[in-house]
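Shown here is one chain on its own, the form predicted alone, set out as structure tokens.
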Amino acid sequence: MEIIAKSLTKIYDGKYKALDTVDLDINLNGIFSIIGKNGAGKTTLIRILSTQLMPTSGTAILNGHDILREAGKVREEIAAVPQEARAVPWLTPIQTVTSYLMWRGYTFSKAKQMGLDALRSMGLENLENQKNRKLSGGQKRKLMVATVIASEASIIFLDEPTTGLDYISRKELWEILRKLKKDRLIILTTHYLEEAEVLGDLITILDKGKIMDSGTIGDLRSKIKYPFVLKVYSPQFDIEMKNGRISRVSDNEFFIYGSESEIYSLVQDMINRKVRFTVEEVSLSNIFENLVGGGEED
């Protein structure tokens, strides 16, 4: 599955650049995670790519079809769950999915069978005839994902699909997305950096409408100055480093960033002091903070 974007720009009210000359070149079966602070341009980008919003300039090609000149053909290739999508409360899950598939051109019998299969894949097979209004928040989000999964679209857009879910419900949805990604491209925007790191085969970091960096989590780690972190759980703070960076997290916790050799040279000192510590490769949260300057909700 392929997406190529060239200089995508979106300007609101003649002055505010929600997107600023964004370029993408994705050829992938898997999950493409897009992260950024509020207002970074995540939703604007996927609304443009999914033909819901016209760019001010630039264009994109999805599976060989131009989003401006061949929007109809693009829509045949894609399915999307917008951030604001909600299940109609008086319908049931099977009615929701079936009606969506019929709108896409499937016959009733085919749509119903595909809907049952999609609900089963999301763990909703015992709730297919329950009114949507009686579903939990997690079940409603799974239902919205089921509608696009059922469509057999080759490219799926999920705009913050786990926002508002508890951690257990999020992890359940993660497992489902992992199973579904092998034969399609899933474009995922999220506020949860752990989610982007766990699921993303490719990750793009947006800030103020611009792409700050892109790649696998390994690629992103290799580009930053301090790829390892020593997490020390102690009130003491008298470590000296020639290189690296020390970040106080709380009164009893601080992080030391550095190269692998620098970090492991401090390990024996931690053991001698008899303090608790861990050594890890930096997380996406650390990388995000390094590139953008400040964490996300997670």
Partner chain sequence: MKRIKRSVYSQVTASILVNSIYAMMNYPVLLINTLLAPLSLLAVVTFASHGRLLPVAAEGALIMNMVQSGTSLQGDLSHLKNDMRLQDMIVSSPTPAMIYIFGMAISEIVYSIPTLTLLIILNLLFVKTTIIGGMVIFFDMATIFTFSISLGFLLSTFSSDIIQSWAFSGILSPILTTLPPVYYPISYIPYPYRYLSYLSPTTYAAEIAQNSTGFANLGVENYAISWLILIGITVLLTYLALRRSRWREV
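Since this is a predicted model, take the numbers as computed values, not measurements. Numbering follows the first chain given and starts at 1.
This protein has a second form, the form predicted together with the partner chain, left out of what is shown; the following refers to that one.
The shortest heavy atom separation between residue 106 and the partner chain in the model of the complex is within 4.5 Å. Shown alone here, residue 89 lies within 4.5 Å of the partner chain in the model of the complex, counting heavy atoms only.
Within 4.5 Å of some heavy atom of the partner chain in the model of the complex lies at least one heavy atom of residue 100.
Contact annotation: residue 71 falls within 4.5 Å of the partner chain in the model of the complex, judged by heavy atom distances. Here is the short version: of 219, 152, 201, 125, the single residue with a heavy atom within 4.5 Å of the partner chain in the model of the complex is 152. Shown without its partner, this chain lists 166, 76, 172, 117 as candidates; in the model of the complex, only 76 has a non-hydrogen atom within 4.5 angstroms of the partner chain.
Between 250 to 258, 266 to 274, 44 to 52, 30 to 38, the stretch whose residues reach within 4.5 angstroms of the partner chain in the model of the complex through a non-hydrogen atom is 44 to 52. Each of 80, 84 and 133 is positioned with at least one heavy atom within 4.5 Å of the partner chain in the model of the complex.
Residue 10 is the sole member of 1 to 32 found to place a heavy atom within 4.5 Å of the partner chain in the model of the complex.
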